[in-house]
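The form predicted alone is given below as one chain in structure tokens.
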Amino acid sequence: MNGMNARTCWVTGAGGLIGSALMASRGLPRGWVAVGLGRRMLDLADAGAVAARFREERPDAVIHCAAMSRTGDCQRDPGAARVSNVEVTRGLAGLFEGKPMVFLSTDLVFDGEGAPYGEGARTNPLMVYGETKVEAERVVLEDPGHLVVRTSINHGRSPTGDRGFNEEMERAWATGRRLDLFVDEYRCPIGAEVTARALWRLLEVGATGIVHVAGAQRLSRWEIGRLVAGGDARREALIGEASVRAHVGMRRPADTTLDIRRAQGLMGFELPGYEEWLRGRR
């Protein structure tokens, strides 16, 4: 299929971890062209500029990854978080009414008391970031042809070197900083490249509603840290143990394990556990 007949998919947040993985992915469906939109290319909060570009390019779909995603930043400035995570999403959802829209959400829409969570589980976020994602999900799902994909923490290499959870750990260890990691907070880490492949596949098959895309292995923050350290004695010496029950500050969900059976059925391939995925890369 030549470029004149190709369908165009916008990828917002193309300078971030998952957005850049989407742009580099070999999973781009046949007949599609990805157009990456980073912050320097287009201010998504400028509704007029976004609408003008939409009219000019007439994209066929969007995978919306851009967000204010650092939980601490959202907690400190909930107004900015709502603009970035809800209002920007509302604008895109309106432009892509009747066209495929894939919205990237999070396991932090849950309170951690009822894992494993299926797509129909009740949301009850404990922090501002999760609250904005729940509101944005509702906006997206007003169109029955749109898709919400909830994921867990993603491992990868971002253009800025600080977006993957592994990158944050590695930067801390490089300065000799000790990380006290929770032994009783559980997530389902996944490689950003796997998430990207899954997002392209879900777009290709026309999935709608809500789908959970995460690693197939439930791990504590402490276990994840040990795996990222990869047997490096110097790094392992900088890993301590902590308990989420003793944590002071922003409330944190203890277990946000996602049920990924719907995703695997739709995609036709298995989502690997984190250890399995790491072994395949090393």
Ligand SMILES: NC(=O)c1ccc[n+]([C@@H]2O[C@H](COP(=O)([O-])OP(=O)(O)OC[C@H]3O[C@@H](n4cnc5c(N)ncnc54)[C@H](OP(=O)(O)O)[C@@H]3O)[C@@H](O)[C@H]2O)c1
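Predicted model, so just to flag it, every value in this text is computed and none were measured. Quick note: we count residues from 1 along the sequence shown, nothing fancier.
What follows is about the form predicted together with the ligand, which we do not show.
If you check the ligand in the predicted bound form, you find a heavy atom from every one of Leu42, Cys65 and Ser105 within 4.5 Å. Contact with the ligand in the predicted bound form, judged as any non-hydrogen atom within 4.5 angstroms, is confined among 112 to 120, 169 to 177, 127 to 135, 203 to 211 to 127 to 135. Proximity to the ligand in the predicted bound form, taken as a non-hydrogen atom within 4.5 angstroms, holds for one residue of Leu92, Ile153, Ala198, Ala81, which is Ile153. With the partner omitted from this view, the residue of Cys9, Leu271, Leu17, Met267 that lies near the ligand in the predicted bound form is Leu17 [heavy atom within 4.5 Å]. In the predicted bound form, the ligand lies within 4.5 Å of some heavy atom of Ser69. Contact between Arg187 and the ligand in the predicted bound form is not found at the 4.5 Å heavy atom cutoff. Contact between His146 and the ligand in the predicted bound form is not found at the 4.5 Å heavy atom cutoff.
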